[in-house]
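In structure tokens, one chain follows: the form predicted alone.
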């Protein structure tokens, strides 16, 4: 079944405009439309696996018209966005009962999904920026949705730094347009081939790196994230950490670096850029995890771990870029990129689950401070089980999905000749494990405080969403063990990154 690419943008966009018409009196209808939309996008993303496509909007040929591109990398991100969005929307059915303005929440949620799908599919730089802004503006509003002092302050801080990031990205787009006369990624990529490391190229690349690193909350661009994630409703925290920072930050960064600028031994910026990515990855891993250990607010602890885990992804991508830039074996480069991309989708699942479990705990107890909790293992058995699974996954304990992607990154670092990077990766995993043992000890073990004696498990849609993601944490390791799944889901994304500027030729050829 061939799904037209505009449907991934048009369907959630149309639903987002329809939902405010229903208001508060027909909450069930609003929830049914929103959940039906996300279920449909989930199915569409599955049907789109394993195919390449270029859609010419308005039948205008590139580079004169807008085009949407589906390749291995974009289909992987589409699937990831749809999985996390579907689980978060199902969780919202019960979780959002304590909030007013449900139709506005659902509309903003779908606008954020629209923007992320647009970023993933966009074939030109300016429309990538437009969709990025749609997702960003919706997320600013959703962070402050509770309208309390903490939420509004976090939303304002996020909006200011997010706007700075958008300004950097727009400057980068303008510089490339001035140099090449094109906005289409394929034509920009062809124009940049053979370009030397001159000032305009360096400036444009620096603008993209700063902007996308801010969107991804990599150290030292992370200041907005520790406030924004705890302030948002739990399903939105799951979306921010699970998919938003990946699509607006990591995906866009990888797309621009590998498929527009290109990484190869012939490009004189490649080695410098590779070491910069590795440095950003290591800094994010180490600083993020050590800041997380000292946190007592459960959601703030998870927010710092988002910074740390994004470091793993960038480290894997950076090692792959370095191997390519040095003219090394494509086998080792592919292993490193596979580890980075696999950890990206693994993190989307287990971190979203952790934020949903934090929402379940907060809904049941009225608190997310670990010092105020205790003995919840008997009171919230499902929440405890799913939280334990997600904690084991993020710490890299086998056989959960996080173990396999971290193992790939460690092996790639060793075989690339950088044992110290492998050692740092293992150390950060150990500190991550310590951090989540602390969560288990203070939230679920020990004696139950008197004020929590009447606590009961959250059933219904919240339990279904957590159970769904917990099952994925267990089953996603099979992506490496079952060749057909790996070939269909992971290998096309790795090849898109690994082949770099071949993206330009494929896009132009498929558009004719």
Partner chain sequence: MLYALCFLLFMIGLYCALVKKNMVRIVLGIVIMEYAVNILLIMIGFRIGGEAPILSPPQGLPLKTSLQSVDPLPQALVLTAIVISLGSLALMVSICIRTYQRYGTFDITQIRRLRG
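Residue numbers count along the first chain shown, from 1. None of these values were measured; they are calculated from a predicted model.
Not pictured, yet referred to below: the form predicted in complex with the partner chain.
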query	finding
Heavy atom within 4.5 Å of the partner chain in the predicted bound form - the one residue of 370, 141, 424, 377 that qualifies	141
Partner-contacting position among 275, 187, 177, 99 - heavy atom within 4.5 Å of the partner chain in the predicted bound form	177
Whether 163, 168 and 300 all lie within 4.5 angstroms of the partner chain in the predicted bound form by heavy atom	yes
Heavy atom of residue 295 within 4.5 Å of the partner chain in the predicted bound form	yes
Exercise: residue 133 in contact with the partner chain in the predicted bound form, heavy atom 4.5 Å	yes
4.5 Å heavy atom contact, residue 252 to the partner chain in the predicted bound form	no
Exercise: residue 122 in contact with the partner chain in the predicted bound form, heavy atom 4.5 Å	no
Residue stretch of 199 to 207, 308 to 316, 74 to 82, 243 to 251 approaching the partner chain in the predicted bound form, non-hydrogen atom distance within 4.5 Å	199 to 207
Residues of 122 to 155 having any heavy atom within 4.5 Å of the partner chain in the predicted bound form, listed in sequence order	126, 129, 130, 133, 137, 140, 141, 147, 148, 149, 150, 152, 153, 154, 155
